[in-house]
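One chain comes next, on its own, written as structure tokens: the form predicted on its own.
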């Protein structure tokens, strides 16, 4: 091999690397598209879950909470709250906010209707049933 690096060599490395990483990207995309339907819980998507997701978005819950590791870290992870606490606790907790406990962060009261609470709980139930490969690692979020 020559001691000089030519334009032809640089071009070949560039094109070879581009093709390699494009093929790698396509292979990983294909693998993800094959794996996701087995893990994402789409079979349990109901109108109540969709309505609960809308309640989640309209009230910007992700602005304070995380869901499956995504969102803000101001308040607890809610990806497994349904399994940890159950539906009645979740509804009671949301309705009782703010608690007024000194020295604690306070969640505002969003004045949700009973139907909105039920939908939100259905959304959290749906989220808790997604195969997350044991995320979060701590049961308490």
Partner chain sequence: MQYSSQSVAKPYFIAAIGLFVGQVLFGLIMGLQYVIGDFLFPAIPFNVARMVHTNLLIVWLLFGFMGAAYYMIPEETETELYSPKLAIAMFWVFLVAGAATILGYLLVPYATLAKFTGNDILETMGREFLEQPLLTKIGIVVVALVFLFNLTMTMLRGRKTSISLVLMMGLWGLAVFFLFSFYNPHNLVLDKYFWWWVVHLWVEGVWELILGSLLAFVLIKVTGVDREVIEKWLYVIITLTLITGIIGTGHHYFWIGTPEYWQWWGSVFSALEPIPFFAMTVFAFNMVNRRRREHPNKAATLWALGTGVMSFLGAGVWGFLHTLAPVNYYTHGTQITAAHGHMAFYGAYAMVVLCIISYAMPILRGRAANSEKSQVMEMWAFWLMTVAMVFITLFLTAAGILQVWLQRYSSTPIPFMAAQDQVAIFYWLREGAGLMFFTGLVVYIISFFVSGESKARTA
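Note that this is a predicted model, so its numbers are computed, not measured. Numbering follows the first chain given and starts at 1.
The same protein also exists as the form predicted in complex with its partner chain; that form is not shown, yet it is the one meant from here on.
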item	value
Partner proximity in the model of the complex: residue 29 to its partner chain, non-hydrogen atom cutoff 4.5 Å	yes
Contact label in the model of the complex: residue 92 to its partner chain, heavy atom within 4.5 Å	no
Residue 117 within 4.5 Å of its partner chain in the model of the complex, heavy atoms	no
4.5 angstroms heavy atom contact with its partner chain in the model of the complex for residue 70	yes
Its partner chain in the model of the complex - contacting residues of 99-114, heavy atom within 4.5 Å	101, 102, 103, 104, 105, 106, 107, 108
